[in-house]
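Single chain ahead, written as structure tokens, the form predicted alone.
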Amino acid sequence: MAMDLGLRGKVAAVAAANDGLGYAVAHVLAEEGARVCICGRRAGVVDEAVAALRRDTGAEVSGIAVDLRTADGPQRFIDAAVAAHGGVDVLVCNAGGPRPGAFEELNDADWQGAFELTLLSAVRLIRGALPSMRSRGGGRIAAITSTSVRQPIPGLLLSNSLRAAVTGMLKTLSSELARDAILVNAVAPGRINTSRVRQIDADRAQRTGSDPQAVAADYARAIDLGRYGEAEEFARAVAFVVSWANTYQTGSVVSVDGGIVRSV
């Protein structure tokens, strides 16, 4: 018997979803019958993503251009989802990753920017979505983080630090929100074939005097499955975590990494 994810008719707000992992998640949720609202920084790009999602899935999809690093950007996104679809049942926190760099290459502005982009945007998104979720009898929250929360990645000090902070927040929230029937989890991608990972590979190649293809090959050899993952593979894992088929998993970090992380 096929599993029903129970997402048909639910409203999903997927942040930073005009491309990459966010877009893949929005696509899978739309295929499952959710009504989806996405955001991104550039209006034209968001409009193109909305049109593609509608065309490919036939779902009800809306979008808005906001900067999640600003004080009002996350709330404007949530307000847009509520205005377009009547509420929010599912929130997927996502944002572009902080810049690569070693400790002595990073200044206060880099740290502050990473804090606003990675941690504070998630705080503000969740704060904005909670009233609607509570009024609708519950909800699902997931944040796209990184396997760096379990195994720090060389050259990604800002991401290693701030995504660990997001994970700590989510674990605490999972206890605080359980009474409201709101399940809270993190989903940690490993080496997924996206422009962000290709950028990271290129940065590592430059630092080591190698080339991006050689860096990718080295990483692939360290992955049990022997390859980078695809965005849709990651998105399917997120879809279950934020679905109503998931009734008992909260406060967890779900790794989608092909086996690259060696810790248990």
Ligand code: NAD
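All residue numbers are counted from 1 along the displayed sequence. In this text the structure is predicted, and so the values were computed from the model without any measurement.
Heads up, the form predicted in complex with the named molecule isn't pictured, but that's what we're talking about next.
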At 4.5 Å between heavy atoms, is Leu91 in contact with the named molecule in the model of the complex? no
Does the named molecule come within 4.5 Å of any heavy atom of Arg191 in the model of the complex? yes
If we define contact as a non-hydrogen atom of the residue within 4.5 angstroms of the partner, is Arg196 a contact of the named molecule in the model of the complex?
yes
Report task. Answer with yes or no whether Gly97 is in contact with the named molecule in the model of the complex, where contact means some heavy atom within 4.5 Å. Result -> yes
Assert contact residue (the named molecule, in the model of the complex, non-hydrogen atom within 4.5 Å, options Asp67, Glu31, Glu232, Glu48) equals Asp67
The listed residue (Leu117, Leu158, Met133, Leu177) that reaches within 4.5 Å of the named molecule in the model of the complex by any heavy atom is Leu117
Testing 102 to 110, 77 to 85, 165 to 173, 182 to 190 against the named molecule in the model of the complex with a 4.5 Å heavy atom criterion leaves exactly one stretch, namely 182 to 190
Contacts from 131 to 163 to the named molecule in the model of the complex (any heavy atom within 4.5 Å), listed N to C, are Ile144, Thr145, Ser146, Arg163
